[in-house]
Each structure stands twice: as C-alpha cells, then as structure tokens.
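In structure tokens, one chain follows: the form predicted alone.
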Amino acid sequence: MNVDGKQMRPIWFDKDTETVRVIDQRFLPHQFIIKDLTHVDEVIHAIQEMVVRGAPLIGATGAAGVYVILVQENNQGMDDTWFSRECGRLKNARPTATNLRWGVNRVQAKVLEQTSHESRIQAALTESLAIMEEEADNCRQIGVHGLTLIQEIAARKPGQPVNILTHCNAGWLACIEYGTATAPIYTAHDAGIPVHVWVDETRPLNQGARLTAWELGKHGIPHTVITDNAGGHLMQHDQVDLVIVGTDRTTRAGDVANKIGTYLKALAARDNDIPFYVALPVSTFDWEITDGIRDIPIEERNPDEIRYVQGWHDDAIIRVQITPEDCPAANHAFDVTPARLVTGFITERGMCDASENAIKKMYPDQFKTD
C-alpha cells in the first residue's frame, strides 16, 4: 500500500542484505521503525510482542522465519532434528491464529524435500515469498468480492456515505496488502463510492486507534475513532450500515475467533438487524475443528497491557499506568463469535454463509473425505 508516496508492505525480503525486514508496529502511528529479523529468536519475539500482528502477517512471518532458521549464525540446517525443533518453537510463538502453524508447516515441508543446505535455503525463501504474494492476492480478491456489499448499500442511499464499523486492525498492516476487513473498503473508496469507517479503538493495545486510523488516513478514507463500547449506540441510531471484521481462526463450521470485543459487536449487530460479515483468506480456516468456543485456544497476554497505556507526549512515546498500583487484571486477547451471529464470510473465492455446508461448497478441496 501507499505510505506518503512510497509503496510499502509490513514484511519483505531485502535482496541487498538478504534479510527479512518488518515494520515494527508497536511504534505506529508516532514513529516509523523498520526491524531486521536475523535469528529465529528475533522472529519469535516479533510475533509474541506484536512487532508483527494479524493472522495473515503472522503466518507470513512464520514462513519467513523458517528461512531465517536456515541462514542464522548458528544454523544446523541439515540436522533434521534440530531444524524441526526450531520450527516447533516458531509454531508455538502464539496460540490463537492458525496461520502461524500453517505458514511454518508449508515451508518446513518444502525444505525437508531438499538434499543440500543451499537448496534448503532457496526452497525456504521461494516458498515464503510465494506465501506473501498469495496472501496479498487473496486480500485483493476479498476486496473485489466484498465490494458488492458496499455497492448494494450505496444504491439504497445515493449521495450519502456507507458507514462501516470495524474492530481491531484487519488492514494491510495485518495482511501484507489490502487487508481482510479493509479490502472491500479500499476497493469501494478507489471506485468512487463514498464510505466512512467507524474505527473501534480496540483496547488494550489500541490497534484500531493506532493502526487502522493511520492506514485509512494515509489512503484518504474518511473515518472516526470511537470507544470500543460506542458501537451499539451508533447501531441503535442508524449510523452503521455494515460491520466487517477480520479473524484469527475460523472453524470449518463457521465459529470465528477474533480480537476481544468482536462477539459483543456481533450481538449488537444482530439486535439491530445490521449485517455482520467476517473477511478472511483460506489460510485462516482451521479445517480440523467445528466448536470454536470449546476448541480454539484463547491467548491470555500480560496484564500490564491493561494496566498501562502507551501514547505520544513531548516528541516521545511514553507509557503511563491507568490502574491502581498492583491492581489485578485479566487480559484475554480474543473471543469467539458463534456462526449463528455471522451474516456471512467474504473470502478470496467469493461470499458464503457461516455454515459448514456453505464453507464446504466454497472449499471442497479442503475437506477431507471420510
């Protein structure tokens, strides 16, 4: 995507230095910092500490991490036991987004087909770059398919903006290019359809207020940051036409794990007869499970993310405490929205209902034959 006239992605391979590079999203929107990943421990740290975040980007970073394993200073790339153990550490960096395991497994399998260290390095690089391009194209297709939803609403209210509410950041920063939830928004805006986005702040790390607002602003899309609890009020007063969110893991039956607070938006949307769509590529489906509430692991992060808030003051990023000293806090990073509350999915193959039968028709190649 375009950042101040320059084409950028949140992860890329620098050919000059033969290094994997990422945008350090912890410092946005106030500072733009690029970080090199030269050791698997740095890749794991980047995933765990949310230098990179968002399911497709986590998957692509995991895939690139397999390449990093093979070129890092202490590599033992022809020792399959060591290599598999390092890949295992990488896959366990974060538990909820299924893309991480998917990306690592895909590159790891290609590597193990090779018979020399040099060919393993090349296979890892080629496959991880292929994943990045595929995910970018998947998101572009999500935008194409999701555009019809916005066009239909725009036709019912000519001359007025289509008001779309989203949660967390499911933009290009999370997805290589275009984003998942934001892809239809970008596509509609670029097609000349007036849109306005209600941006949930997304506590505790404020990915909406920090990242989605930054993205939309750079692209010139009208938007307004709101508190996480304001969405229901706006829906009651006919100020939301459509809700589109992303997802970190979705079951084959349509249950959706996404940033904490998504479930409450789905409930409010259902109560106010507002369509609630989830945008995702094939890599975010978990084809092995059906019960998201029972079977999707929900990450619990450091309580200090709740106790403290980060902001910009006197030309510096500062961190301040907002709770009483030593106040207990529980930091559940995700929740699960049951399929019954999801109007439909926007995927790279088209749109479908949130049901196992509909998903199977969309992805027959992913369902194992009994």
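Just so you know, these numbers come straight off a predicted model, no measurement behind them. Don't overthink the numbering: it's just position in the shown sequence, from 1.
We do not show the form predicted in complex with a further copy of the same chain, though everything after this point is about it.
> For the spot marked by 1, 21 and 136, is every residue within 4.5 Å of a further copy of the same chain in the predicted complex through some heavy atom?
Checking in the predicted complex: none of 1, 21 and 136 is within 4.5 Å of a further copy of the same chain.
> Hey, of 170-178, 128-136, 258-266, 95-103, which bit sits against a further copy of the same chain in the predicted complex at 4.5 Å between non-hydrogen atoms?
In the other structure, the partner sits against 258-266.
> Mark residue 34 yes when one of its heavy atoms lies within 4.5 Å of a heavy atom of a further copy of the same chain in the predicted complex, and no otherwise.
No - in the predicted complex, heavy atoms of residue 34 and a further copy of the same chain never come within 4.5 Å of each other.
> I'd like to know whether residue 49 contacts a further copy of the same chain in the predicted complex, with contact meaning heavy atoms within 4.5 angstroms.
Residue 49: no contact with a further copy of the same chain in the predicted complex.
> Closest heavy atom of residue 277 to a further copy of the same chain in the predicted complex, within 4.5 Å or not?
Judged by the heavy-atom cut-off of 4.5 Å, residue 277 is well away from a further copy of the same chain in the predicted complex.
> Does any part of residue 336 reach within 4.5 Å of a further copy of the same chain in the predicted complex? Heavy atoms only, please.
Residue-level check for residue 336: yes, a contact with a further copy of the same chain.
> Please tell me which of 283, 163, 206, 187 lies within 4.5 Å of a further copy of the same chain in the predicted complex, judged by heavy atoms.
The option sitting close enough to the partner is 206.
> I need to confirm a contact call. Of 121, 193, 253, 230, which residue comes within 4.5 Å of a further copy of the same chain in the predicted complex, counting heavy atoms only?
For this set of options, the contacting one is 230.
> Could you run down 213-239 and flag each residue that has a heavy atom within 4.5 Å of a further copy of the same chain in the predicted complex?
Residues within 4.5 Å: 213, 214, 223, 224, 225, 226, 227, 228, 229, 230, 232, 233, 234, 236, 237.
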